[in-house]
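As a starting point, one isolated chain is supplied in structure tokens, in the form predicted on its own.
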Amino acid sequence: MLLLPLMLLAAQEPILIDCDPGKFTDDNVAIAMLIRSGKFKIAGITVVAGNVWANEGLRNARATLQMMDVEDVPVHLGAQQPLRHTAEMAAKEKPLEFAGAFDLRRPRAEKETAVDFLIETLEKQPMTVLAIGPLTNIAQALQKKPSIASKIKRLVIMGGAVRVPGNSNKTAEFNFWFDPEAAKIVLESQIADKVLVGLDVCNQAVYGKPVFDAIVSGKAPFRHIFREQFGYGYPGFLKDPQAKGFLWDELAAAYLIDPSVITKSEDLPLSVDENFGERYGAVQIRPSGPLTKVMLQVDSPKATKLYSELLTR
């Protein structure tokens, strides 16, 4: 089991992570970063359909914790489909850059426990929630128990594209595109402190093969699977030494670990287009309403240095 100094353990901030991890992708790396920072006590992980179906994501999250030698974090199965969006709808939207689970065979449904776990945990102890997948679980929790909005001390979301193009369709970032209705519910909710780490800053957080080389030659227990996934999958550093990677979920984790990696933000009243069409899942700036802190500029060298250091040692 991962051992940390007693003084550090006492100072750890409790956090919940809601994610859609693939075999070892940006979600898994974000989890590893938070663990390795020593700053957080993960109170639980909830899994949602997105990059993969939630059943597979559940196994991947547990495998990541096992790889990190962390034994005391509960992992719960969450929403196994978006509120409205379907694979049949996505087929009508093609061509898409990435359709996530919609391109995979859907498994048999299993019992979902994530929403109840989120509600019960937050009612016992208000805390930060890091949401790095589609927002279906968070939206369902708010619908089932609206009062938990006041129990979420801070909601840090990796998702959305406010003033830049999308990366699933032309206007929408993948997490928001996969479940636009859920993203709309969450952004319009009464959660007081909402932070959006979207493509506006993720597009600026770029790293190259030297960072990849440092990680795979380091001592981290996940370095071999990191080499396989990031070397031969996206961004494919072992196939193209000139490839560039972007920090997505990892940047949201980096912000939690060191907020100074973000150098500019703006508070905006946001919503999401839920009309099925070319702008399905696109972020909208409203005339008024609950505010979200939108991250606009990142210190990319600082963010990538933090990323590399946490994953190398």
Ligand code: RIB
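Just count from 1 along the sequence shown to find any residue number. Every value quoted in this text rests on a predicted model; they were computed, and no experiment measured them.
Missing here is the form predicted together with this ligand; even so, the following discussion is about that form.
**Q** Of these, N167, S189, Q81, T121, which has a heavy atom no more than 4.5 Å from this ligand in the predicted bound form?
**A** In short, N167.
**Q** Report yes if any heavy atom of T46 sits within 4.5 Å of a heavy atom of this ligand in the predicted bound form; otherwise report no.
**A** Because no heavy atom of T46 falls inside 4.5 Å of this ligand in the predicted bound form, the answer is no.
**Q** Determine whether any heavy atom of D179 comes within 4.5 Å of a heavy atom of this ligand in the predicted bound form, and answer yes or no.
**A** Flag for D179 set to no.
**Q** According to a 4.5 angstroms non-hydrogen atom cut-off, is N51 in contact with this ligand in the predicted bound form?
**A** Yes, N51 lies within 4.5 Å of this ligand in the predicted bound form.
**Q** Is there a heavy atom of M158 lying 4.5 Å or less from a heavy atom of this ligand in the predicted bound form?
**A** Flag for M158 set to yes.
**Q** Please pick out the stretch from 58-66, 274-282, 261-269, 241-249 that is in contact with this ligand in the predicted bound form, where contact means heavy atoms within 4.5 Å.
**A** Residues of 241-249 come within 4.5 Å of the partner.
**Q** Pick out the residues of 122-151 whose heavy atoms come within 4.5 Å of this ligand in the predicted bound form.
**A** The stretch touches the partner through I132 alone.
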